[in-house]
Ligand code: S3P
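As structure tokens, one chain now follows by itself in the form predicted on its own.
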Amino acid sequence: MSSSTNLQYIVQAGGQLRGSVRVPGDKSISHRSIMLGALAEGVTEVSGFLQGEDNLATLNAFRAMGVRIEGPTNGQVTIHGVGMHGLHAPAAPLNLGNSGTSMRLMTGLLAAQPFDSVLIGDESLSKRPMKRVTAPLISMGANIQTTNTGTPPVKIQGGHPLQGINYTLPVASAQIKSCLLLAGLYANGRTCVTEPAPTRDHTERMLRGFGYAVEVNGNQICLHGGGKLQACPIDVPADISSATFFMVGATIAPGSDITLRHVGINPTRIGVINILRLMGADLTLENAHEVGGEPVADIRVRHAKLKGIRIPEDQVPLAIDEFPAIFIAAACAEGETVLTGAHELRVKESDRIQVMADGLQVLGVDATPTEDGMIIRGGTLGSGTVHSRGDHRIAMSFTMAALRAKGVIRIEDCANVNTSFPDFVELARKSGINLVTAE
């Protein structure tokens, strides 16, 4: 898992982003490829797998439950599926590091197994709320315990048959939805999840790719338990969340012109594109096509002058992981940007509303955190030392801020960038950012 060392990024002011780059594979799809490939019958070949620490945590957890997995080698992974009922009890607690996706989705999957299991994580993950998944699972018949405050470790007692439920999500969350759908694979009868707003649908798409019937009627997703998964090849597109940092960087830095290749543009994930375009960004989608049921395209981004906007709340679930970078764009925009309806940001790897506001204020930006968002009045970015609080997306966002800053930006506690973007420093330097690391 990630190092406890205080890895620092020291980023010189100025520069521009140019060239053509491919960011790492999509983290969400990489997680799901391991989970469904492990439960499938046959051998699943994955290409483009993200070799970040979060995805390796998922991979190693399934190895610990008896699944033979070859790789990853240059993004290639071979999963020898054990079928729906072939997992074995792990010999020790499954350590999922910093990965909330791993813990929440696997809680649903493991709730239906005949054996006991315990899920643990690092200091950050150990503070994240799990009742949002454990409560509906318990209503399905699962036996799960957390701490008194609903945080990990998650202790699951196996051997409890599950019953399908109709569940309306209290918040728009792909993790809760996916958790319940994975549990529903094993439940008696039909499991239906109703969303208050669309969220990423990688689980539904991949289940269909593995031959499992999923019904989607408007904002309700349903499946019947008791089916089988059949192995299939998976080509993981580049992660739009990782591409976002370069999209924002190129937009705010004069003279920039960069193309991000083979990026996943799933309609449930393109909130960042929609929001940046509303602000005036120059984003062009080229070479659009489909790979394994997922739409992909090359994204060309050129510098543009941005204006502040009121971010439409219907775009919030479609861009929930991208807001740290969007806040940097807002800090460089003319006028006021207002975000509401994003309380979910307070329970990510860090409280992303507060931590981003703190960092922006250090740089001299007028940023006011609110209960469910932020008000940012664009202006000049100064220099200073900001703290990422161990949050990978915050560290990378402030790296891009240096492109428009008046002086050096030093970012503390950046080791967790490896959870999602292991070669970020190298790609940033290659694209035109003057970045050095220090410990």
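Just so it is clear, the structure is predicted and the values come from calculations on it, not from any experiment. Residue numbers run from 1 along the displayed sequence.
Absent from the display: the form predicted together with the named molecule. The rest refers to it.
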Check your understanding: Is the named molecule in the predicted complex near all of Lys27, Arg32 and Ser173, within 4.5 Å of a heavy atom of each?
Key -> yes
Practice item. Could you tell me which stretch in 158-166, 274-282, 174-182, 249-257 has residues with non-hydrogen atoms within 4.5 Å of the named molecule in the predicted complex? Key: 174-182
Exercise for review: Find out whether any non-hydrogen atom of Ile320 is located within 4.5 angstroms of the named molecule in the predicted complex, and reply yes or no.
Suggested key: yes
Check your understanding: Do Lys348 and the named molecule come within 4.5 Å of each other in the predicted complex, heavy atoms counted?
Key -> yes
Review point. Looking in the predicted complex, any heavy atom of Arg205 within 4.5 Å of the named molecule?
Key: no
Check your understanding: Hey, in the predicted complex, does Thr134 get a heavy atom within 4.5 angstroms of the named molecule?
Key -> no
Revision key, fill the gap. Picking from Ser124, Asn95, Thr101, Gln113, the single residue whose non-hydrogen atoms come within 4.5 angstroms of the named molecule in the predicted complex is Thr101
Review point. Who in 180-208 is close to the named molecule in the predicted complex, meaning a heavy atom within 4.5 Å?
Key: Arg200
